[in-house]
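Presented as structure tokens, the chain that follows is alone, the form predicted on its own.
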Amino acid sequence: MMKSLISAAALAAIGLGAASAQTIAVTNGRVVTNSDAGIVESGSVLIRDGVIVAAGANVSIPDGVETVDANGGWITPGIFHPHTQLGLIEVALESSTSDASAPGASFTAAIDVADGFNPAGGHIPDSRRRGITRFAVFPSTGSGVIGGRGALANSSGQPDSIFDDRTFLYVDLSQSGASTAGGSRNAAWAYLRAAFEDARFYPGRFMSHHEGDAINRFDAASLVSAVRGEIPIVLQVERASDIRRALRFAQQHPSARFILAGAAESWMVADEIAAAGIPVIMDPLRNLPASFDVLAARLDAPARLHAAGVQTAYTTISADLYFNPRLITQHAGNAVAHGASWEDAFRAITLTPAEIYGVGDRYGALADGYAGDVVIWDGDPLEVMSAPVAVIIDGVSQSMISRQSRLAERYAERVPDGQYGYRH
């Protein structure tokens, strides 16, 4: 009943799919600010021209502005998923619907996911109505361990959804990366070291020919920004031994910036990761020895990483990255169930991902100057039975309809057998 009351009030107040940003006040809710203001039990958020201008208790609401009454629900920043393939894949087993990888291409670092990203991807609306407002788009590896450059996007479905492209470089040095490199981790690391050298000496190494030791001229030119630390390098690693190898590689290349993804056994080397100051993107639900890469995965790994001081964000790699990013709040709730604090877990799916990608001053918090990304929930967002009732991106209220919601409505209505031969 509580959910339906909030839904009716919120949807009646803001409508569906408003055309442009305006002044919106979200009132009467438990405000999770992700700022020094903490959690405000009865507060409001005021958004003007797509940007938050006030959040917390005693917010002055101007006369005549559009107001959304949260009716005692939760008001939070939008969820920021740090690791998805939304907009790149529609059906994984149908290759014509996937632009995540290019195993037949001659390019690696030069591949840019923004070229294949579809803001109208069918799984984006369902992620949006589950509270995801921002997400990172990852390539998969194709012809080498370097997958290409990823981007950051919002879930509005608008043509300009990508708000930061060529944001990071993705490199797979896990078991799958070893396979791509020719069959061993030794070859994968040798390839990466050679590619780094090609980029370090670009363009001089390529003055008289097109090919370097590992990559061609075009890839080397694209890799330069990562080698110089202008964009971070996301290393997919799982085993503790691989993580230690990655930490040593980072020490040898102090100008570059690194992020560890996957990292199932990262809890075993948490203190070393914390000392290196390298962020981790990991899945709180991984606890089975699904491969020899993740034999030591365990459910309290997030709690151990937080306790060690590792900057940790959560992903949904065990569920999927192209149609199940929507489950990220459940994964965060599972981290809380196994020892992480609620505050650390919620931060790991909002502000921390934004900070990892260098946009933590614009997204992931409800504070003056942050983007107007606000979600109203009917309860605790990390509780599996809670759900968003309204989503706002850049101050624009969003549609809560997806293909899945339409299907649910279509088949929820039961009619007597034989009454219809067909129906649209």
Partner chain sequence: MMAGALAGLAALGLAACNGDAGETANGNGASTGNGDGLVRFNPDPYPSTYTPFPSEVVLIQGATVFDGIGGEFENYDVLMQDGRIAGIGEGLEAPDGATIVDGRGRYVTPGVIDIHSHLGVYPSPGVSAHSDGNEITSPVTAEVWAEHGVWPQDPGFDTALAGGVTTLHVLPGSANLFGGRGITLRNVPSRTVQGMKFPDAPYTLKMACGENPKRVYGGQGRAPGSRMGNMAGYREAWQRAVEYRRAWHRYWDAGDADATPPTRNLELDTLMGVLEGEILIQMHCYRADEMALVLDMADEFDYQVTTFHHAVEAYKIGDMLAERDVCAAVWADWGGFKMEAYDSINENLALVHAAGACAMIHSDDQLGIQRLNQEVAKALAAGRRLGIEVSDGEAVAWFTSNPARGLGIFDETGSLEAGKRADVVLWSAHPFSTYAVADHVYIDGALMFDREDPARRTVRDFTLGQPGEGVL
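Since we're looking at a predicted model, the values are computed, not measured. Numbering follows the first chain given and starts at 1.
If you look for the form predicted in complex with its partner chain, you will not find it shown, but the lines that follow are about it.
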Quick check on L93: any heavy atom within 4.5 Å of its partner chain in the predicted complex? yes
Contact between V384 and its partner chain in the predicted complex at 4.5 Å, heavy atoms? yes
Hey, in the predicted complex, does P289 get a heavy atom within 4.5 angstroms of its partner chain? yes
Spell out, yes or no, whether the shortest heavy atom distance between D380 and its partner chain in the predicted complex is within 4.5 Å. yes
From R149, R347, R326, R257: within 4.5 Å of its partner chain in the predicted complex by heavy atoms is R326
Which one, F117, F218, W189, W342, lies within 4.5 Å of its partner chain in the predicted complex by heavy atoms? W342
Among 62 to 70, 24 to 32, 44 to 52, 384 to 392, the stretch whose residues bring a heavy atom within 4.5 Å of its partner chain in the predicted complex is 384 to 392
Can all three of A110, S241 and A275 be found with a heavy atom no more than 4.5 Å from its partner chain in the predicted complex? no
Taking its partner chain as it sits in the predicted complex, which residues of 321 to 343 have a non-hydrogen atom within 4.5 Å of it? Please list them. Y322, F323, N324, R326, L327, Q330, G333, N334, V336, A337, H338, W342
